[in-house]
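Single chain ahead, written as structure tokens, the form predicted alone.
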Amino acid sequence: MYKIERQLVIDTIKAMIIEATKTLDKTIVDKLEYAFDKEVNILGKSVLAKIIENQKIAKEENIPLCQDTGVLVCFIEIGRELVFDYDLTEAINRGVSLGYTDGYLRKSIVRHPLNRINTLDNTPAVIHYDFIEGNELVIHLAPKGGGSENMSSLKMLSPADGRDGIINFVLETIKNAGGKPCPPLIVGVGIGGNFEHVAYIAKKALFRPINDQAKVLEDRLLEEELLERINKLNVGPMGLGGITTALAVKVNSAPCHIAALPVAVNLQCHSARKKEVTLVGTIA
């Protein structure tokens, strides 16, 4: 059996949060620069230039990319050979607390949706656990902004709506959102499962590498068509028009009931902040 010390989890989460809020992955920057070169709308091109400049300044001056430093979303993969003599969820949230307080990041979490009392350290995080083989703890995290999350949506379609129904719902979501989710977007689409699972797989789609393709053919073809059609909507960067409404579309699917066709659309703004770290256990 293997062990990973509580303090290592805390320190890792803290460091990941601070880095994620201040630096964009190079693959995202490359997509933005490619979009800038292609964009034909003058306003859209100007916005993309500002977005690219903003991420450079954030990195050089060690300041957040955006004032909204989000709700912390984690996907945690736990090796089956690992043992924990502490509460892993508590350790993760301790790292979140330190990351947001010591990193001087905006605290955006309230204790209850109605009383709106701030928790003052951005806890608790939203944490999803899964198990893998081996002795590693794989941490995927993203500070998810409120603007893009607010414009996400879910619908229980009829099976008769089929592929066209899925496409129409995604396009309707993007059109209705306009500039509010701060495009250009990464669009996570979940299809199948049930009411709660389809939202989960749509969120998980946003954690995929921006340059990958879905392994399932039907999903991959949907990704290609949706990206093309979304970029013909003329929403454009920050809603000011252009051919760059989305940088990528990621479709995840799951088996579902014969009477159901759940669809969820989870939007990610251009400040697509996420990090991944793997911790290796030592013999307990």
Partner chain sequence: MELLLKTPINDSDRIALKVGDEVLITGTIYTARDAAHQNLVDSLAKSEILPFDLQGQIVYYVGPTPAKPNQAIGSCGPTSSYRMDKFSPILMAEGLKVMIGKGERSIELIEEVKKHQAVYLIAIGGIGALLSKTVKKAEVIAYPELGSEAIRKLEVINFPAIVAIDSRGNSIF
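Given the structure is predicted, the values throughout are model-derived calculations rather than measurements. Positions refer to the first chain, counted from 1.
We do not show the form predicted in complex with its partner chain, though everything after this point is about it.
Undergrad: Find the only residue in Ile243, Leu240, Val29, Cys256 having a heavy atom within 4.5 Å of its partner chain in the model of the complex.
TA: Looking at the other structure, the residue within range turns out to be Leu240.
Undergrad: Which one, Ile201, Ala177, Ile92, Val170, lies within 4.5 Å of its partner chain in the model of the complex by heavy atoms?
TA: Contact with its partner chain in the model of the complex is made by Ala177 alone.
Undergrad: Closest heavy atom of Ile63 to its partner chain in the model of the complex, within 4.5 Å or not?
TA: Ile63: yes, in contact with its partner chain in the model of the complex.
Undergrad: Check Ile51 for me: does it contact its partner chain in the model of the complex (non-hydrogen atoms, 4.5 angstroms)?
TA: It does: once its partner chain is placed as it appears in the model of the complex, Ile51 has a heavy atom within 4.5 Å of it.
Undergrad: Consider Leu233 of the chain shown here, and say whether it contacts its partner chain in the model of the complex, taking contact as heavy atoms within 4.5 Å.
TA: The answer is no: Leu233 has no heavy atom within 4.5 Å of its partner chain.
Undergrad: Using a 4.5 angstroms cut-off on non-hydrogen atoms, would His197 count as touching its partner chain in the model of the complex?
TA: Contact check for His197: no, nothing within 4.5 Å of its partner chain in the model of the complex.
Undergrad: Want to guess which of 225 to 233, 31 to 39, 53 to 61, 211 to 219 is within 4.5 Å of its partner chain in the model of the complex, heavy atoms only?
TA: Answer to the contact question: 53 to 61.
Undergrad: Using a 4.5 Å heavy atom cutoff, which residues in 78 to 112 contact its partner chain in the model of the complex? It's fine if the answer is none.
TA: Heavy-atom contacts to its partner chain in the model of the complex: Tyr104, Leu105, Arg106, Lys107.
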